[in-house]
Structures are given as structure tokens and as C-alpha cells.
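In the form predicted alone, a lone chain appears below as C-alpha cells.
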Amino acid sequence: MATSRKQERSIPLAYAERYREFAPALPGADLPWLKNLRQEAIARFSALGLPSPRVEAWKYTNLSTLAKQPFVPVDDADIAVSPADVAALLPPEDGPSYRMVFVNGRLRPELSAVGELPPNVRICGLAQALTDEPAQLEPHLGRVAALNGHALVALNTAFMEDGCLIQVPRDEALEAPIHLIFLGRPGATPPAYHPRIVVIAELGSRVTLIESHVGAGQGVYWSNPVTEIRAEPGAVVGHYKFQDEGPGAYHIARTDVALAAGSRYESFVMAVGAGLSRNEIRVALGGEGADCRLFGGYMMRGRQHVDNTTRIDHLVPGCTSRETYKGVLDNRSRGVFQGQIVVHKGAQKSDGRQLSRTLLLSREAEIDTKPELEIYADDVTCSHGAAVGELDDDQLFYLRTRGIDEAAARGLLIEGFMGELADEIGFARVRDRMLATVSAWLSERREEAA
């Protein structure tokens, strides 16, 4: 049921009241520049409110059920979580990493293992950075993920309590990935948390970031993370995310990326969890020769809803972007793909290509696909495509004639469909985990059908 206009007006007022209550206890409350930023953010959210389907970018994702939940900022930092609890929700680590673990958005040092860092590399919690070195954070926080017209970025900025700061100095190549693990634990009252991740890859540096968002328990909670990434000239950033939140979770994430000349950003998002999830990515190609690659996979069943919304801005000549999203929808699940490539005036020699493909396993599953190209230059190479279909009957028949039962044959075709994405991923550990996620989803589906 849709949220009424009266309810929509009451939501920002409620959050404004909560902000006044919680603001004095937020990290960096005594920093004038941060206080001003937070106040501007809550004012912006109060003016905008939660986005509704009347907002074009949210036409296919309705937050009315989220609006009815009595979310409160996290106040349960003492939730008991052991390393075994975290390990039980994740596949085994298949190599070294700098690991940071967050429970309901708050960093838990006793569960983390960052270890010894190379000189001048900074990996620390956001709350710690605001306490120990706020001057290092001030030039970066809120610069890439600006408030603009995005209500949930504004809400995150007002209430961000923790997260992390990652800064890799000039020409430094981190061999091990940075693994951020976000564990959601519902409580008696549905918690909401708003982590902020800030990544600065300096000139010629290389860094790999893996995010794991997992849920424990059946209750309701809301994860509203915002990530802002700045890649200086020649920097290379790999950013890989696995979203397997609890069934009652809302996961609404926003990533903003600014690429300088000759820099490269590769993103892969795999979504199988949460009742309602949205992953929004915006990339600004701001220097000649910048390269952006966005890949995503999703597998939904039941009444799950997943939304992948992207925008890539070619701002200057000679930049490249590639985008491929593939998904599988079963039962009454629903998917959304909105991909926009904008080639701005003067951005000649731009090369942007986009593809979305979805496999429907049920007549009740639904996908809304909206690929868009906006081109304001005349010397470009751009294309987009979208396809929706069912499993191929001829391929199923071929497998059945080879003695493979129908359920196994369907599983093989689904694995093959999703497995094509693995070839696009530039990091072997992520490829392996992606294929394992597909296999696990199919096993769970078979068990439910048995």
C-alpha cells in the first residue's frame, strides 16, 4: 500500500527530531565544519523526505513499507558477536586481507584484523578518524558523494556514526585486499545504521576493496551505506561487493566515484539477500583516458525486490565505460535495472557500452529494465541492450536426452547463464566467490522445492 502524502511529510519531521536528540553524541560533534555539514544534510532530507515512486529514479522501487517501520539509530554497541559468528556467515578467507568487521554499522576492533600496514597507508574507522585526525578527513568527506538532490545520501551524512577511511599513497600497490564485513543484527526495535566509506587512491596507486554485507536473524533492520571513492591520475581501484543481508532487511546503498586522467575503476556487485535492496552507483569520468567497468549479478526468489541503478558520466574526451548486469528471478520476486550513460558536450571519442540480461524462472517474477543513452557529442561509440527471457527449451531438451534430470538440467543452464559474468571480473578470489554464491543459491532453491 502506498504511503500517503501526510505520512510522507511526517517522516522527515520524525528524523529531524531524532537528529536533534542524537547529534550531540555523534562522532565529531565538536567539529564546526562537520556540524555544519550534518545540519545542511538533515535540512536537505527534511525538505526532500524519503523518495517515492513519483521521483523518476525511484519509479520502480517503493519505500512505503520501509517508511512504516519504527527505525531508530543504533544504540546497542554491546551486542555479543564472536569471530565464530562472523565466520559462520561468510565463506572461508582464501587469502590474506586487511579485515574490518562492523556490527550494525559500528566498527568492532576485537573482530577485525588489519595488521601491519605499509608506510603512509591509512585504514581506520571513521569514528576514529574523526577523533584522531579530522583534518585528514575534512577535504574528502562529502566531496564526491555530495548532498545534491539525493535524500538518502543526506540522511547518511546527518547520521553517519562509523565506517572507514582508506587512503593509499602515491604509487603504493596494496597486494592484499581490504575486506569490510558488515553484519546486521536486528534487535527489539528495528535498528537503522548509516556507515560512510571514504576511499582516496592517490596518484598511480592500486587498491582492492571487498564488501560483505550479511545478516543474522529474522528481524527487520535498515542498512544505508554511502561510499565515496576518489581515484587520482593513474590509480586503479577494484571494488567488489556481496550483499546477503537477512530476509527482513532493507539494504539501500549509494556509491559515488570520481575518476581522474588514466585512472580505472572496476565494480562488481552480487545481490542475493534482503527483502528490499537497491544498489546505486554513479561514476564521473573526469580525466582523459579514465576507464570504468560496472558488473553486477542478482538472484532473487520469494517476494524479494532488487534494484540496480547506475549512471556513468563521460565528462571529457577519450574515456571508456563497460557495463553488464545479469540476474535470475524466481517466484514473485522483482528486479529493476536502470542504467544511464551520459556523454557530455565536448566528450569526443567516448566509448560506452551497456548490457542487461534477466532470466525469469516463474510467470509471476517481474523485471523493469530502463537502459538510457544521452549523447551530446558527435564522435562517440555507444550502445546499450536489454534482454529478458526464460530457460531455453531446446537446451533443456538436449540435456534431458543426455540422461540429466530436469531439475539438474535447469540448474546447469542457470549456472551457465550467471557464470558468464565471472569472465568479466578481474580478481580471481571474487570470481570464485561469485560462482560459489550461484551454486549455494541453486542448492537452497532445490531444498525449498523438495
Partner chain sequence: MLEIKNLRVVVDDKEILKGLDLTVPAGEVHAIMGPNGSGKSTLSYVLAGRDGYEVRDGGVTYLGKDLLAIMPEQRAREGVFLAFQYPVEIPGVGSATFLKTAVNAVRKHRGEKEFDALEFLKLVRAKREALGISEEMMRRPLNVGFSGGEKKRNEILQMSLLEPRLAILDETDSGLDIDALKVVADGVNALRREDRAIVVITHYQRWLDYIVPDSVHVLSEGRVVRSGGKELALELEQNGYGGIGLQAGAAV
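Positions refer to the first chain, counted from 1. Only a predicted model underlies this, so the values are computations on that prediction, with no experimental measurement involved.
What comes next is about the form predicted together with its partner chain, which does not appear here.
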Can any non-hydrogen atom of F397 be found within 4.5 angstroms of its partner chain in the predicted complex?
yes
Does at least one non-hydrogen atom of G403 fall within 4.5 angstroms of its partner chain in the predicted complex?
yes
Indicate whether L413 is a 4.5 Å heavy atom neighbour of its partner chain in the predicted complex.
yes
Using heavy atoms and a 4.5 Å limit, would one call E420 a contact residue for its partner chain in the predicted complex?
yes
Option from 404-412, 62-70, 38-46, 24-32 whose residues, in the predicted complex, bring a heavy atom within 4.5 Å of its partner chain
404-412
